[in-house]
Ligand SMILES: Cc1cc2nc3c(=O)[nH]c(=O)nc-3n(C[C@H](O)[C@H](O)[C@H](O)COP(=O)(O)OP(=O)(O)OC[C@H]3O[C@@H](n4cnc5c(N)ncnc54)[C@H](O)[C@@H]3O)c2cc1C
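A single chain, nothing else alongside it, follows as structure tokens in the form predicted alone.
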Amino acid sequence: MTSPFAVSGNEQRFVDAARDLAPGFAARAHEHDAEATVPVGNLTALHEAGLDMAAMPEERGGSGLSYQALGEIFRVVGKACPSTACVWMMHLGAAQALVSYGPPVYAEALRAGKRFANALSEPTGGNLFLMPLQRAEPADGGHVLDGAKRFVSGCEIADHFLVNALLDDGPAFFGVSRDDSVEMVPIWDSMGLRGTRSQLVHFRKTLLRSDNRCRITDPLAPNIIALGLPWLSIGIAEATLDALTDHARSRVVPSTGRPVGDMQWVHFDAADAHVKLLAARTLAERAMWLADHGDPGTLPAAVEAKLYANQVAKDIAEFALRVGGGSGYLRTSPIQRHFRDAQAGALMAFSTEVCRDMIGRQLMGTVEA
């Protein structure tokens, strides 16, 4: 029986393109982590394979790729190089908003290979990236923003930013082209996902042009980032499980002369990790299926999928460290990188605490104060 979550035949070529690129991404992942460099070559390869425009709406010149197929692509890329997957996901998320709800120039820019970045999270805003606190003041041609945004993945190579600000009529979203008023603050020295280089960005009296405003009718509608984030953690978890399995099969316990993988506790925990990964994938696939079918339960499903996928990635990373022992801490081991990368998903909006609160409120029928 064909799975209801299977990628359709006409979209399989996009998944195959990502799979063809993945080995090269994986080979360079350690380098980008060690040097904290943005994987520009990987991102260029994804664009040249047609995957940028594939994710855009057909009415704007894209292929209208289903969320189901996009999730599989994020998993493949995330397993190979999570920094690449993260920067690309944020690029696509910003492009989706600007191409779908902004002027036609953004579709043309994306088709030409220009880079996009999300600049929505404020230093004091926490997870409230859809409800900005920074006010933009009226000016000729639009509004002027003087404020900062944090964790802007891939900002150093971005040509256009999706920026939010508070106006008199409420939160608003704009496309902002890079100019001298946009300043990068080089503070990025993270524990994991180092290749994202998610810097702090200052907008110094930057003009938010009225003709570049995105008329987003429903900020909570299904979007690439909210639905894609669980897949980032799933990809990391799968790479971690592969790494610990390779180690367990090859590392011999001196006292027994047998591989670490022959130990019963490793069998038990490996079984748990395998089943958890299957469950995480099923939750994420369900969220994509709901999004593709326009189901109103898509956002709650995406929150549930992210919460569980984040925890599974951390659980499997901790298991890998126990299997790796002291050697798992060495820079030569992929386990230490997977462990660091696995922590990031739970911190991204919505964080696991916010996810739990959202799900718990729904279950308890709690009314907002």
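For clarity, every value in this text was computed on a predicted model and none was experimentally measured. Numbering starts at 1 and runs along the sequence shown.
There is also a form predicted in complex with this ligand; it is not shown, and the following applies to it.
Note on the interface: of 152-160, 98-106, 258-266, 209-217, the segment with non-hydrogen atoms within 4.5 angstroms of this ligand in the predicted bound form is 152-160. None of A309, L70, A344, I316 but one reaches within 4.5 angstroms of this ligand in the predicted bound form through a heavy atom, and that residue is A344.
The listed set L110, L227, A136, A119 contains one residue whose heavy atoms approach this ligand in the predicted bound form to within 4.5 Å, identified as A119. In the predicted bound form, no heavy atom of Q12 sits within 4.5 Å of this ligand.
In the predicted bound form, E353 approaches this ligand with a heavy atom inside 4.5 Å. Taking non-hydrogen atoms only, M90 approaches this ligand to within 4.5 angstroms in the predicted bound form. At the 4.5 Å threshold, heavy atoms of S177 stay clear of this ligand in the predicted bound form, well away from it.
Along 133-147, no residue reaches a heavy atom to within 4.5 Å of this ligand in the predicted bound form.
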